[in-house]
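To begin, one chain is listed below as structure tokens, in the form predicted on its own.
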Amino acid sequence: MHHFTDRGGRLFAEDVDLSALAADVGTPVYVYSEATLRRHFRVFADAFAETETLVAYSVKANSNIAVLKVLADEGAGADVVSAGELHRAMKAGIALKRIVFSGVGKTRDEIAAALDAGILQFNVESAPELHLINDVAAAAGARAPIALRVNPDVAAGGHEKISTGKKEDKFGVPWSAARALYAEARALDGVAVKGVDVHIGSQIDDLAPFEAAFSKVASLINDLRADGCEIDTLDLGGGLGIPYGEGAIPPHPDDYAAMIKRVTAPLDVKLIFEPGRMIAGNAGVLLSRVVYVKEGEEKRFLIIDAGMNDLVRPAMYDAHHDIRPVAARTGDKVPYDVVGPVCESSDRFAKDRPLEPMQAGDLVAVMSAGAYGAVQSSQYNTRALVPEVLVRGDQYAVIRRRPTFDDMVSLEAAPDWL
């Protein structure tokens, strides 16, 4: 469920008319519904209400400080993958002992910063990383709390580029090496083994791969405890999909939780989850204005003012997003290729998408754009980053302004010899 609704032929975010908002802020613009962010977090957290659980929101999905503050207010922790995301989580007021640090390429400086901050746990993805964390912690006279991210060789995910749990993927410790690496970790002075971590992919719409992976990890925990490891936490990652308007409907969090409780109940561990898309995805839309309707020899193009630099998912993942007129149009639907102004053929949001007849000046909403939208945007073609707006009831606030051209070049300088 989300809070973007049609009222008398006009699209609203909660109680805000998106046409009026676009006229005020300009387009393109990302718009987020606070009520949807809160509802989605609660639906997930409530599914695990009777278990010891940390819901560590995946900051990479949508890292705006205002979004993080909303979720911090709901009691969310944070899953971060860089020192920058750690800084954002801390700035938003997320408790340090509710932060886990994931990612395959943690640097010495990032490890030192997270260790100094006192985060809950490092999710370790390789033997070299384990030894670097040990060295940094030992030099500081500390012991870093760790879980090894194990790769269960389970295929899952809505696209090959967001599948992370197969043995050929870069993520995690190979399944065949996990037990030995845990033994190695136990012998180190600078780390304290706390748990096991697994994350098999993103936009997963079937419980079967989750259950296969989690069952393998449950068996591993029993083996590790037999080896003398004190395993207190089990981080099951994120990956639960959302409906983008096409394809399968993902499982409800209640069904996801029921499966996990069945698999993990005998283990007596604290569960950690890293949902991102499931919370933020359907909480946001990208508003864009039609610049031209172009009639080609074989195609009809709807050229909008948003581009692939603003929302890269269709170009990168062939991702489907519903596209809706913000004000109702009349007439039989006709197929459009919905494209942006970027000088790339891949700058296309939809191919042969049936829409009511559109004209220059009309507004469209690219739905389900709250996750992996603004965070992946760039200034390619020297296009300004899109502003972000947060809606609460009948109020809205700009939570990231659109930079000026001077802002965009302010970090650059020509050398003295030019």
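Don't overthink the numbering: it's just position in the shown sequence, from 1. Note that this is a predicted model, so its numbers are computed, not measured.
The same protein has a further form, the form predicted together with a small molecule, not shown here; the description that follows concerns it.
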In contact with the small molecule in the predicted complex (heavy atoms, 4.5 Å), from 382 to 390, 353 to 361, 34 to 42, 57 to 65, is stretch 57 to 65
Taking 79, 149 and 317 as the candidate spot, are all three within 4.5 angstroms of the small molecule in the predicted complex by heavy atoms? yes
Item to complete: Consider residue 376 of the chain shown here, and say whether it contacts the small molecule in the predicted complex, taking contact as heavy atoms within 4.5 Å.
Response: yes
Would residue 250 sit within 4.5 Å of the small molecule in the predicted complex, counting heavy atoms only?
no
Answer with yes or no whether residue 202 is in contact with the small molecule in the predicted complex, where contact means some heavy atom within 4.5 Å. yes
Could you tell me if residue 102 has a non-hydrogen atom within 4.5 Å of the small molecule in the predicted complex? yes
The one option of 274, 347, 110, 129 with any heavy atom within 4.5 Å of the small molecule in the predicted complex is 274
Heavy atom within 4.5 Å of the small molecule in the predicted complex, from candidates 172, 195, 340, 238, belongs to 238
